[in-house]
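Before any questions on how it binds or moves, here is one chain, the form predicted alone, in structure tokens.
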């Protein structure tokens, strides 16, 4: 498989009131094209911080992060914004759908920013993605006319608009009931299989985790297991905090 992301000795320290608080320490991970991964761990283990680093929304304090063989750790803010728009799709717990635009228009917006497709192609791709997510009859609806589950599916379509290498989701069903949560995860898997993007999802949903190809577990800011490779750092004797 093609390597799309690599983290080498990544650490993150937050400073508050002159005191340093280590959030992540010595994280070494490699992700490949088409993987379907979960990141799990107790609250405070560093899951969301790691996801923000993977998405180039934050910078590591130490170590390097390469996306598509490019070291993003020292890139300018402008270059990072361009990279995020072109190569990374985000789905958050809150959908952040713009209320003044229809579902179709919300999905089209990232493509307008990227400027890589004609107006007709943008319309066609947005309609295709919404159709794949079961929203063909809701494309012209405004957010106020959509349910929470439908809004999150619009957010998923938007995340895939620019055919990113990587789709990152941070507790994407945290505000949904069990039925809509199951539906969202079913669509994640369907999209992963149909379009081949790598999905990395932070979640507490244990039923979803069972369906992942790879489960990365964090504890106290360190990777303690990687289920895909059958490795457990404790079993290997690596030093634990």
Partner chain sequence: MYLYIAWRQIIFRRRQSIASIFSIALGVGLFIMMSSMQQGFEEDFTNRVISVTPHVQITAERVRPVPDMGREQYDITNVLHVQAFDKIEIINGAAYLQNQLNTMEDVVAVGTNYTGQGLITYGNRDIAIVVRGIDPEKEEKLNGFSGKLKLRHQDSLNLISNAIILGNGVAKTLQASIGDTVTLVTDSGNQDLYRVVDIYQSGITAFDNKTVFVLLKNSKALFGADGPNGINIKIKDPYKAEAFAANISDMTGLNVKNWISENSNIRAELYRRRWINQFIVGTIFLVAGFGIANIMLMNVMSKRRDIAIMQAFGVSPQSIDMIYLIQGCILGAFGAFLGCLLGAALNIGLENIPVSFNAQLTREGFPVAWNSRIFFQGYFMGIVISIAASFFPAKKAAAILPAEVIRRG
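Positions refer to the first chain, counted from 1. Remember, it's a predicted structure, so these values are computed and weren't measured experimentally.
Heads up, the form predicted together with the partner chain isn't pictured, but that's what we're talking about next.
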Note to self: the partner chain is absent from this chain, but in the predicted complex, do 28, 64 and 70 each have a non-hydrogen atom within 4.5 Å of it?
What the structure shows: no
Next item on the list: Work out which of 195, 32, 52, 187 lies within 4.5 Å of the partner chain in the predicted complex, going by heavy atoms.
Entry: 52
Next item on the list: Using the partner position in the predicted complex, report whether residue 92 sits within 4.5 Å of the partner chain, counting heavy atoms only.
Entry: yes
Item checked: is_contact(residue 58, the partner chain) in the predicted complex, heavy atom dist at most 4.5 Å -> yes
Next item on the list: Answer with yes or no whether residue 99 is in contact with the partner chain in the predicted complex, where contact means some heavy atom within 4.5 Å.
Entry: yes
Notebook entry, point to check: Is residue 153 close enough to touch the partner chain in the predicted complex, meaning at least one heavy atom pair within 4.5 Å?
Noted result: no
Check: Who in 109-134 is close to the partner chain in the predicted complex, meaning a heavy atom within 4.5 Å?
Finding: 109, 110, 112, 113
